[in-house]
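Starting off, we have a lone chain in the form predicted on its own, written out as structure tokens.
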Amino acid sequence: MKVSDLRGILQYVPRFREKTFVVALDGEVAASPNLGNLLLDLAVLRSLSIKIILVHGCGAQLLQIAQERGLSISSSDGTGVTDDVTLKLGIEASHAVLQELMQGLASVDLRAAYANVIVAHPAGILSGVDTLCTGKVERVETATIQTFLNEGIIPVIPPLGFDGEGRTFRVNSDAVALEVAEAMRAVKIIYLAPKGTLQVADQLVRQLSVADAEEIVRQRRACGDPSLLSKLEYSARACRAGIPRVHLLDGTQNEALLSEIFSHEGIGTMVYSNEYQQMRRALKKDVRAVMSLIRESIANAELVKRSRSELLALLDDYWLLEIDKNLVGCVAVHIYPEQNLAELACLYVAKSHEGQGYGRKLMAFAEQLAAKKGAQYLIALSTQAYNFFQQKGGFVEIGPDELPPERRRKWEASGRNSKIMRKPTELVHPRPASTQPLS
């Protein structure tokens, strides 16, 4: 691990300390060889004073028990119909997973306790079909969970609920995770399942707004993976209910949990309820961070050297790209009103975020901003990135005579012999919500 990696992790620690995470494990993950690594990751989170509530499923175990005994079950995921045989086997499967988790948590020196905290009632008759022993969460007994958390104990919650008469119901573990997170005011839900991330056109979708998640569920409901769609649906519901972030991870991948939580981009799919990426105007307090961001590029002669006083003098022209409140890119747009022209300058993306489309995003933002300010043309000067501007941005090389007089004088005085490029601006209206990755 690099020192810079450790610094990146440490910036999250104050933000998450004493906060509550709900971690939801599918039954397949609980049965996978990676379970021990996941529980060790939970121990790391607990050592950082993060409160953990563990919710588990047992569908894989239920199917295995039924197959071994030659029995037919009505449903494996806590939805649909749950007959008496399925309920009995589901209770047995749930207890088997619980025992496995308790042993594993003890092996990493974590205290845990079975939490009988889900009050449920019958799901009832759905589409004309009686769901029998399938339940719906009525409420969560938060006092019990809070008592465990106060004592440093991890509550382990099964996909079972009970009513006031002592009857047992099978409930969907994805739904349980949502209800528990909402009741306990958790800041994250983390769904862990095999192949638990969202792919679009064979590309990992790293971030999704609530609207995008809901649209994907609507489009794929008839033909998509039911497990993934369930998690997407409950992720969107969770965000609507006030949970800031919900993460979908491949629970069979080693270090997936820590890599997702302690990095800007993560390695899974995140559904978010507020602005995860944002462009904002630079402030005086940002000057040091901007200078630090572009220092290496200046040393490599990619960008013109800028002093603190020069940055402050033109601070209103600078815009920052943040990801989860971390600075990852910047761009400046200088306006020349007499020439009806704008200049794109100081375009830079942190090395750790290169190749993910952020440069194009900053370039498109600069063009939009120039158009809104009435500029007909956008120019850019570069010694090393001119191919990027021409191939990705549609810029065309022009001569120095096309520059505003004051800008030409600076160009000549610099001695850099930068290529000069220009393109007409076009005000593009925002597109409707997309199911593609935000980049």
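As the structure is a prediction and not an experimental result, all values here were calculated from the model. Residue numbers here begin at 1 and follow the sequence given.
There is also a form predicted together with a small molecule; it is not shown, and the following applies to it.
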query: Check all three, L303, L381 and K392, heavy atom within 4.5 Å of the small molecule in the model of the complex; finding: yes
query: Which of 176 to 184, 343 to 351, 232 to 240, 110 to 118 sits within 4.5 Å of the small molecule in the model of the complex, heavy atom basis; finding: 343 to 351
query: R360 within 4.5 Å of the small molecule in the model of the complex, heavy atoms; finding: yes
query: Distance check, S297 to the small molecule in the model of the complex, heavy atom within 4.5 Å; finding: yes
query: Touches the small molecule in the model of the complex: G355 (any heavy atom, 4.5 Å); finding: yes
query: The small molecule contact at A385 in the model of the complex, heavy atom, 4.5 Å; finding: yes
